[in-house]
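Here's a solo chain for you in structure tokens, the form predicted on its own.
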């Protein structure tokens, strides 16, 4: 073993491997993606089977099969992915598992890269699954091993809920020894156990209720992940869980340095919650008895806060619990050390004064809105549709991925974006409401496999009229270029037959299914016009690789293009219509008083889209 700096997601992967996980499946999504990739790195050493499934539901079901046979399994996703997986997960809660099964659902306070700020701890309560909430990478490493043990002890899936700052934080820890998993398992038929019947669900509900309301709250009260620290002689105690625990500890250290004579800070008492569901009530009752006022710090929903208020109501204790409900703590977004310092300073000293910490003030960073990369093929796809449908009554339904950025000016080609796969079915809703509006759906290749196919079938069967635009860049770009069924590569490193999106669309009854190169605007615009004239569901597959993987796929870049200063008239059409980050306005002034365009050669890939747009052929 050696001591290394290890990322939180790597720590989760190592913890699972250390626990003997035999199958790991997931769907990529920030902040969880690195877990599967790190497990794949050691698959030959441990013998673990690992896959990127087509979506989170499939991943949970693949893992359930292996778990029923007795193997330890891991499922990974981000928090919104848990919605996709909820159907099998809710049923697994009742049916149970045999081999330990841990579901990692990474929450995204902020949110930084998600549609919602939903809290997996609440889903744990809703689905009746035990939940661990790590504060650091090392805690995540140890917790997931205990989660496997708990899963097998109570025959239930267990949730591990890291948040972004835990997933992506680094901590020095011993790299564990990883050995070949030699355990074999075999599925044993047992209809009464593995087939979900109404009667068995009723009986299992009673068993789960007893476990979650009586057994686990007592067991978790003695867990090392939940504890009280301090003597409780201060006027106010502080409770926290997850990454907020680290913020609280650092914030109190800062305040102690700022107010060295404060007896309040010296005597402050802390409650740390590492298993938010089922809640460690016995421990919390002890804390509530010792502290008459408690401030709770936690990100997303007030889970710990509500649990403490519930205990007060149930037991008749008079402790005052402050947090999100009374506005003491911000109700949304990420917390930070600075936020906790500000809140505690007001609580203990009735002061919001921010004293100088000694550090130099740092200027605010400039606002930099997200934008499609220079040379991204999606820009050409959006532009082709925009040109083809100019002046027509349309609706442009977007989806989750890089192409969500098609909403930004100047492209402005995403009228809606709800969740994965919704672009196709929402377009059908628009059409059935307004038959004279031609509706377009923009979906990526990975998302098409994840949740787009069912929408296509629905549209064909229910006789909608729409054009599905598949922006096929040969990878799952936004989350880190993971493989999918259209790439011809598995996470086990095997080359397999690619699934043809064109054949799938044709098999579903889509007609016509056209293919176009988004960098060949003449061809792309013609394809869009032809598809839009069809009566039913039509499709255009815009096929060009993501610039980040193009070289690996054998594509060669042409090299950056240039603006010919003597030809440029300063119309800036290339800048105004494309929004490519490689294009900018020159400081030099032309004779007509306008500023010509210029191209940053370090960013330009030579895709040529601006060359095609230029009305005076000034770009070559």
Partner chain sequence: MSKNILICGVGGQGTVLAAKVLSQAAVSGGQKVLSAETIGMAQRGGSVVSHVRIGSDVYSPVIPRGCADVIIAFEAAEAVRNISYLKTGGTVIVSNEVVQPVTASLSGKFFDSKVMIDYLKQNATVMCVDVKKACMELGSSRVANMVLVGAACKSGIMELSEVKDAVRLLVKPEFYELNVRAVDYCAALDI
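Everything numeric here is computed off the predicted structure, so don't read it as measured data. Numbering follows the first chain given and starts at 1.
Form predicted together with the partner chain: not shown, discussed below.
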property: In the predicted complex, segment of 284 to 292, 335 to 343, 120 to 128, 423 to 431 with a heavy atom within 4.5 Å of the partner chain; result: 335 to 343
property: The unique member of 373, 514, 413, 95 whose heavy atoms fall within 4.5 Å of the partner chain in the predicted complex; result: 373
property: Candidate from 198, 369, 327, 493 lying within 4.5 Å of the partner chain in the predicted complex - any heavy atom; result: 369
property: Contact test in the predicted complex: residue 214 vs the partner chain, heavy atoms, 4.5 Å; result: no
property: 4.5 Å heavy atom contact, residue 3 and the partner chain in the predicted complex; result: yes
property: Residue 465: touches the partner chain in the predicted complex, heavy atom cutoff 4.5 angstroms; result: no
property: Contact test in the predicted complex: residue 581 vs the partner chain, heavy atoms, 4.5 Å; result: yes
property: The partner chain in the predicted complex - contacting residues of 234 to 273, heavy atom within 4.5 Å; result: 243, 246, 247, 249, 250, 253, 254
